[in-house]
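The data below hold one chain only, encoded as structure tokens and taken in the form predicted alone.
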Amino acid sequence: MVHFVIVGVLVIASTLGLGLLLTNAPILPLMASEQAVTVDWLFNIHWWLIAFFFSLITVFILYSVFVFRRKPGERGDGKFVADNHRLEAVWTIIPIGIVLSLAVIGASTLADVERRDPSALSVDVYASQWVWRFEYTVEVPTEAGESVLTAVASDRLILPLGQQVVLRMRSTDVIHSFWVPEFRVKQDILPGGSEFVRELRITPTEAGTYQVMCAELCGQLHYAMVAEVQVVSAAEFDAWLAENAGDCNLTDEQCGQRWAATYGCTACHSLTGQSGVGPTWLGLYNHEVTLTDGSVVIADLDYLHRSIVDPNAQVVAGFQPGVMPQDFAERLTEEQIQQIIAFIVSLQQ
């Protein structure tokens, strides 16, 4: 009986020490959403279970090694115990109870994470190799006093503090996965059009700048598929939407640079002369380009336009067809395409 008391005290002491260490150590990043509170609560339950079972196993082993080790001069075998039905019942019933309890707790946590707010802000998220694009639908007043819906596209995810946001996510090519560690929630994004749109709900609670990354291996530049996430006040969010909801009032070159960043062009086409997944844009205009069929063409305005709307028509030697999205003719207006071309033309060595 004494041995059971000693082992019990040691297990409790070890569990408390290890559990407090695990639940208070800076293992997880900043908790920055309402969903993170629930997820971290579930994490802590697992930490305490890990601490208990680790202590239970370790204390029993070490106590047995030091207390019940064979003494000098002792002979014979240890006591053999078999057919202890009570013990077998205990170690069967208790694990089943723990598993069922965790299932109930997990279901409750999932319900909290997916709780819907009818007034949630909706943001469309487009994942492509290897770039993120975020679109907001905004009402813009007209001169006639009416309002029209327009889309605000951005390569940054801007979120209002304290408001639930539903991210409607789709992939234009392969499987991606949306993950911001500080928000604690993650969602795989599947290709296949509107039929495979996935939703993720986030309620930011901490203003600041974070980073969304792809958590699903998606190709050559998977490691670089990141985007900035900014959580700002409601007033700052409204001001940002109003500023970006109108037409681009910059020069054609500056607007083209804006669209190139927003639609992920510069993720594959460098502006420095270095080759990436696609040819560099630096010094491209009016220079000779060798194609995969061996022919040589001049990168004039027609060539640049065709390369955007029909990228597989003339593939540059050394690069693969089918990598660049094929739907820019639908996703971009003709004005935006011409502005991107103006930006490329301005990139002379």
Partner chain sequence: MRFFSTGLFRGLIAQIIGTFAGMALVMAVRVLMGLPISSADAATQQHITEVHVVGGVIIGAIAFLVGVGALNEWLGWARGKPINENIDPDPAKPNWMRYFDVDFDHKVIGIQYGVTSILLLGFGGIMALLFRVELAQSGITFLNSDIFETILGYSSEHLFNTLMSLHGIVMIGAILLGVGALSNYLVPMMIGANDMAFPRLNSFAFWINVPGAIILISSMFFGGFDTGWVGYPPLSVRAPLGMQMFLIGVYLIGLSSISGAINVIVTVFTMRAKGMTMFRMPIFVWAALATAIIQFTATQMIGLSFQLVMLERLFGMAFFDATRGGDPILYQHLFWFYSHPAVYVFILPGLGIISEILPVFSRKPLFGYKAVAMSSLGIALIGFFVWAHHMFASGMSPYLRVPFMYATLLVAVPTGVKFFSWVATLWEGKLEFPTPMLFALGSVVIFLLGGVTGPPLGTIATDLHLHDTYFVVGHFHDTMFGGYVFPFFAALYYWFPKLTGRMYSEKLGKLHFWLMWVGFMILSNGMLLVGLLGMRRRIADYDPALGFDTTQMIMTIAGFAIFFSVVIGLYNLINSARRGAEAKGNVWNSRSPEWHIASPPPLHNYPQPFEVVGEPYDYGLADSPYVNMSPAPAAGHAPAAAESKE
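Numbering follows the first chain given and starts at 1. Because the structure is predicted, anything quoted here is derived from the model rather than measured.
What comes next is about the form predicted in complex with the partner chain, which does not appear here.
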item: Residues V7, H46 and G192 all lining the partner chain in the predicted bound form, heavy atom within 4.5 Å; value: yes
item: Partner contact for E88 in the predicted bound form: the partner chain, 4.5 angstroms, heavy atom; value: yes
item: Partner proximity in the predicted bound form: F237 to the partner chain, non-hydrogen atom cutoff 4.5 Å; value: no
item: Partner contact for P26 in the predicted bound form: the partner chain, 4.5 angstroms, heavy atom; value: yes
item: Heavy atom of D117 within 4.5 Å of the partner chain in the predicted bound form; value: no
item: The partner chain in the predicted bound form: contacting segment from 194-202, 261-269, 117-125, 156-164, heavy atom within 4.5 Å; value: 194-202
item: C255, V232, A215, L241 - the one with a heavy atom within 4.5 Å of the partner chain in the predicted bound form; value: A215
item: Option touching the partner chain, based on a heavy atom within 4.5 Å in the predicted bound form, out of V289, M31, L304, L42; value: L42
item: Residues of 177-194 having any heavy atom within 4.5 Å of the partner chain in the predicted bound form, listed in sequence order; value: W179, P181, R184, V185, K186, Q187, D188, L190, P191, G192
